[in-house]
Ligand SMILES: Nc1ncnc2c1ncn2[C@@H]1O[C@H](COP(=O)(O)OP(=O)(O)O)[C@@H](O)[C@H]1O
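Here's a solo chain for you in structure tokens, the form predicted alone.
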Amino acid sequence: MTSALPLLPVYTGDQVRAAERPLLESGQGPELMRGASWGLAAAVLNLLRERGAVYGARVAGLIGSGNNGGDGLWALTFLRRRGVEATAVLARGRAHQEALQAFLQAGGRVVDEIPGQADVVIDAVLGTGFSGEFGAPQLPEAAVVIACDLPSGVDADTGEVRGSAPAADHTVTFGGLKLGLLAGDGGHLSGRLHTVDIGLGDHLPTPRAQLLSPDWDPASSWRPPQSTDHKYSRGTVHVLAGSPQYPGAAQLTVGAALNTGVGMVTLEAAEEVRHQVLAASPEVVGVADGAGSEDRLEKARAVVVGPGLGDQAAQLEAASATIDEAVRRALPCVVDASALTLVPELTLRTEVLLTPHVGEARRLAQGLGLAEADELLSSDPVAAAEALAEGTGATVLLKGATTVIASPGAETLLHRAQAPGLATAGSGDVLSGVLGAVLATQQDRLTVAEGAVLAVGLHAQAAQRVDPNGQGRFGASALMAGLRA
């Protein structure tokens, strides 16, 4: 996939294991293990240097009986040779013999439990081949936890956890990013991700998905207005949002579109909602609620429908007509919140962007009779989003700590936000406005899915600007300053 955005390939655990197989069959297993374990040790060394001294630091490993445990023991061996006080707990009472022997010869010690004063704990119990249930042990609260390849108990393909898994502050993964480190519970448990190249190269297949690079600055991918632009060529967003019950949703959506950057915003809403929004943003063009859909979308380059509409029949009828007209014109159309209830009755296309959170996605799947998507939401959110996209014909943006963007016949895109404060009322309304602005102004160079992932990145970046320490001490309206910065 060629994209204007910096995307990183993401694989399932099965894909990475299949890529390793020809190398293992040719006798290169020890080299693979040494490369992985040295990458793990290097990550621990970097962390120890950031925290203070390496020599005398206390690193403990929770070691499994398979190759994952072997990787952990070799890493501890390398660390011991650098002067680290290294201990290992054999979770199964046995371990990879060659790695264990090297660890003991280097002066490492096998102990019965993780020392309470450990500075770093390496979780190396279970790897990508694990299936079943796992009970996570209690680890010292003060220690930094580093997972070897993935947190033990996390399904490498889906992120599902059956039982419990230890939460990692960092995960050092081998050969390629695994989907289970980003999706579902795995996305919450994996911490900061570090990928070690172990030489799989051309053996890796087509990626399962693509992740927007965490080192990317969203603003660098934004095409600003040109000197030849006017308000219409720059892009107009038509917003149908708000209700007497939820007038603030319209204000947040419109404000987000304006602060992201757009040529013009038109707002279709009840009179009292329009008055409130125009008092705060007089540049907005108000449109009477229920005006003819053909006229109101004549100059629009993108449409946003749904935030704060409520459940009144007249508003939903206007929303349905607007979506139908957007589909007829092949306009990018964001469908959010209350408007998602209309989807089972509509004929959609990939220019339509559905933006459910998990609860809305579940109701959508049930309304469409997509039992598989409903079931997958609990265990495999990426596959669930893909099933919803195929079932509706639309592009689906499934909200979460890792946002999944799936479009029929296209690669699935992922964005992992480090912005816990976004879990606040009105944040989704702001995202809808950002989406509308991006789709209106960047559509000549980005697909709807790419525009969506850019918008999610801008949304997360705004939160990080107003809340750099992740304390969550802000409301959604504060995101406007973050968008402008």
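Note that this is a predicted model, so its numbers are computed, not measured. One rule holds for the numbers: they count along the sequence shown, beginning at 1.
If you look for the form predicted together with the named molecule, you will not find it shown, but the lines that follow are about it.
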item: Residue (of 41, 417, 48, 62) lying close to the named molecule in the model of the complex, criterion heavy atoms within 4.5 Å; value: 417
item: Single option in 400, 286, 367, 137 placed near the named molecule in the model of the complex, where near means a heavy atom within 4.5 Å; value: 400
item: Listed range touching the named molecule, judged in the model of the complex by heavy atoms within 4.5 Å, from 110 to 118, 211 to 219, 383 to 391, 401 to 409; value: 401 to 409
item: Contact test in the model of the complex: residue 451 vs the named molecule, heavy atoms, 4.5 Å; value: no
item: Partner proximity in the model of the complex: residue 439 to the named molecule, non-hydrogen atom cutoff 4.5 Å; value: no
item: Exercise: residue 53 in contact with the named molecule in the model of the complex, heavy atom 4.5 Å; value: no
item: Residue 446: touches the named molecule in the model of the complex, heavy atom cutoff 4.5 angstroms; value: no
item: Residues in 413 to 450 close to the named molecule in the model of the complex, defined by a heavy atom within 4.5 Å, in order; value: 417, 419, 420, 422, 423, 424, 425, 426, 427, 428, 429, 431
